[in-house]
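First, one chain by itself in structure tokens, the form predicted on its own.
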Amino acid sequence: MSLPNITRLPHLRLLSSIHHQQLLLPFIPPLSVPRRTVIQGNYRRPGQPKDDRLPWEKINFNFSKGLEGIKKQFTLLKKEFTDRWVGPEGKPILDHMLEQNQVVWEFRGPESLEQWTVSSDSEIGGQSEVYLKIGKNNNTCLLYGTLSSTPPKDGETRYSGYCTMRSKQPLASFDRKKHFDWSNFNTLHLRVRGDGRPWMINITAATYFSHHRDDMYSYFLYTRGGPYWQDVKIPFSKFFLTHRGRIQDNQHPLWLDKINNIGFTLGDKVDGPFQLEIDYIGVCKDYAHTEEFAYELYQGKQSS
């Protein structure tokens, strides 16, 4: 029995030509869309030395401080139990539900500065300087220093010139992370007095994935300068998502139920002295503001 001739069968001839063309064409990999890396290592800023120590080598054992720490943690634990019977944050539940204004940070004495930390590009070899102190009347804080955009001569850092002030992560008993719940509010309220420089306000919230730990929501604070105070109200819907200083295409609103901290960054590339005086930082409920999110939400292609 003879085999069928390929030239007489159209479908076999078509399959043979397709197979022949596939052997001749080079292999072309599928197109890939760039996206944020899911698995990331620890971020090291340019110019900062590497820390190759093992995790247990970074622990500083001190017996006396350990006893003081245990006493402090049990005191915080006791306060947590008593506050649960009174209401959230030690306030009655009805007052908490009807609250429309809340002062989160205020500066009334040197002890209030313990909740904040300052840093600058001097950590990576830059020349900027930043300081934080209580005002003369003990009712405000003064953030001041000198900004320098000259990069360090380490052969790695190309840009420099920033100063920051950031609130510390609030902690519950036994160093458990504690979060601010601002879900009842929609606006950030500040009372500041600056020197005309623009600042960047940064808010970080709790994340559920490790590759989101460097996410931050930012917006601009424009100070007028002069001797007069200014009340600034910024809706949370205006804050946009950034990741390690880069604005992300995939934008979504800030989650207000688990806020970690807030910070102020100066990096306008104008060398010279600066100062920013802050009276208080709070949140409020503005019923006239109904906007949910100010930016276009990115919609990716749906796979068929």
Partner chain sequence: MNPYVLAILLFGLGLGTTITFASSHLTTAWMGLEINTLAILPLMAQHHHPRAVEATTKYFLTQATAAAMLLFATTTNAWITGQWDIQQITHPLPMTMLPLALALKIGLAPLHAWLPEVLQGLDLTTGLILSTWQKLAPFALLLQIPPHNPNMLIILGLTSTLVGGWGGLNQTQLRKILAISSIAHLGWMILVLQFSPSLTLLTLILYFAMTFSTFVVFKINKSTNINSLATSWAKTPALTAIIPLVLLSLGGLPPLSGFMPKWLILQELVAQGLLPTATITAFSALFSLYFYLRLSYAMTLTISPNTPMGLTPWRLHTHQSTLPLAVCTMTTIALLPLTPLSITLFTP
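Numbering follows the first chain given and starts at 1. Please read these numbers as outputs of a predicted model, since none were measured by experiment.
The discussion below concerns the form predicted together with its partner chain, not included here.
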Give me the residue from H189, R197, R166, H96 that has a heavy atom within 4.5 Å of its partner chain in the model of the complex. H96
Just to be sure I understand the contacts: of Q115, Q100, N139, S210, which is the one whose heavy atoms reach within 4.5 angstroms of its partner chain in the model of the complex? Q100
Among 80-88, 146-154, 105-113, 229-237, which stretch sits within 4.5 Å of its partner chain in the model of the complex, heavy atoms only? 80-88
Report whether all of D181, H252 and D257 sit within 4.5 Å of its partner chain in the model of the complex, measuring from non-hydrogen atoms. yes
